[in-house]
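For reference, the chain that follows is the form predicted on its own, supplied as structure tokens.
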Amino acid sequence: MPTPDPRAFVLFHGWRSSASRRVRLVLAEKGLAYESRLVDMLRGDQHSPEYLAMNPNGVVPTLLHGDRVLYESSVVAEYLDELYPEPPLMPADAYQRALLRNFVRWIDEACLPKLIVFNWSQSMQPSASQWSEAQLAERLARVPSAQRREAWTRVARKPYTDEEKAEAMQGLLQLPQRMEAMLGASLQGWLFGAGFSIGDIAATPFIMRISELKPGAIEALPRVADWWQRVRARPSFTAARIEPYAGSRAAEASAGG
């Protein structure tokens, strides 16, 4: 199969989406330009037949590279790193790569559901709570994931309680606490050795939100606080538009996505 034109990247994404932020960070680290296609998730664009034909999971992001379709942020990140190996974003050591993949999977399985509690309460609930029963049923019928159907039902009809949000925050705080231990063990500045990696990128959107939702939580962990300062100083952080959630929401609304 011929190699696709490297200029032919099209990214379907959302500015506030944690997975989209990961992929934009990888693209920025690699210096790869892309055409931005914002997906209006409140409108349900990610569940349209056209979008589901590309990404059957009905989530963002989706990356088109020529005629190749890629989704799942961790898969997209490794694809880009293999195709464009400079600068490298995976450890050279096979065991460290395995540890990194387990770390990213843990974030997605243990932390992402906790983050959804806060993000969806802020961005989806105000509008979803106004839907009629028929509108909600129509939306749910197009959602391919049982977990996401439950999330949509919650924000539309049964908002998360303060107790649930407190429990979700405790779950989220496991991430910086685990990172503090990892950084102490490596003593090389980054989560998986001396180089900034996909592991650091995977954690970045979550640490960003924790710093907004619970001010002081990151600063209380000295190694993570130092790591966070260095992450934010990287040119890719600005290029990928890892902005405060409220600011990203305004930008997304003004762009129609």
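Each residue number is its position in the shown sequence, starting from 1. Just so we're clear, the structure is a prediction, and the values are computed from it rather than from any experiment.
Although it is not shown, the form predicted together with a small molecule is what the next lines describe.
Using a 4.5 Å cutoff between non-hydrogen atoms, residue 165 does not count as a contact of the small molecule in the model of the complex. Mapping the unseen interface onto this chain, residue 112 counts among the residues with a heavy atom inside 4.5 Å of the small molecule in the model of the complex. When contacts are judged by a 4.5 Å heavy atom cut-off, residue 210 does not count as touching the small molecule in the model of the complex. In the model of the complex, the small molecule stays beyond 4.5 Å of every heavy atom belonging to residue 197. Note on contacts: among 84, 152, 160, 103, the single residue with a heavy atom within 4.5 Å of the small molecule in the model of the complex is 152. Residue in contact with the small molecule in the model of the complex (any heavy atom within 4.5 Å), chosen from 191, 59, 224, 26: 59. Contact with the small molecule, judged by heavy atoms within 4.5 Å in the model of the complex, is confined among 68 to 76, 174 to 182, 91 to 99, 129 to 137 to 68 to 76. Against the small molecule in the model of the complex, the set 15, 43 and 123 makes no contact: no member has a heavy atom within 4.5 Å.
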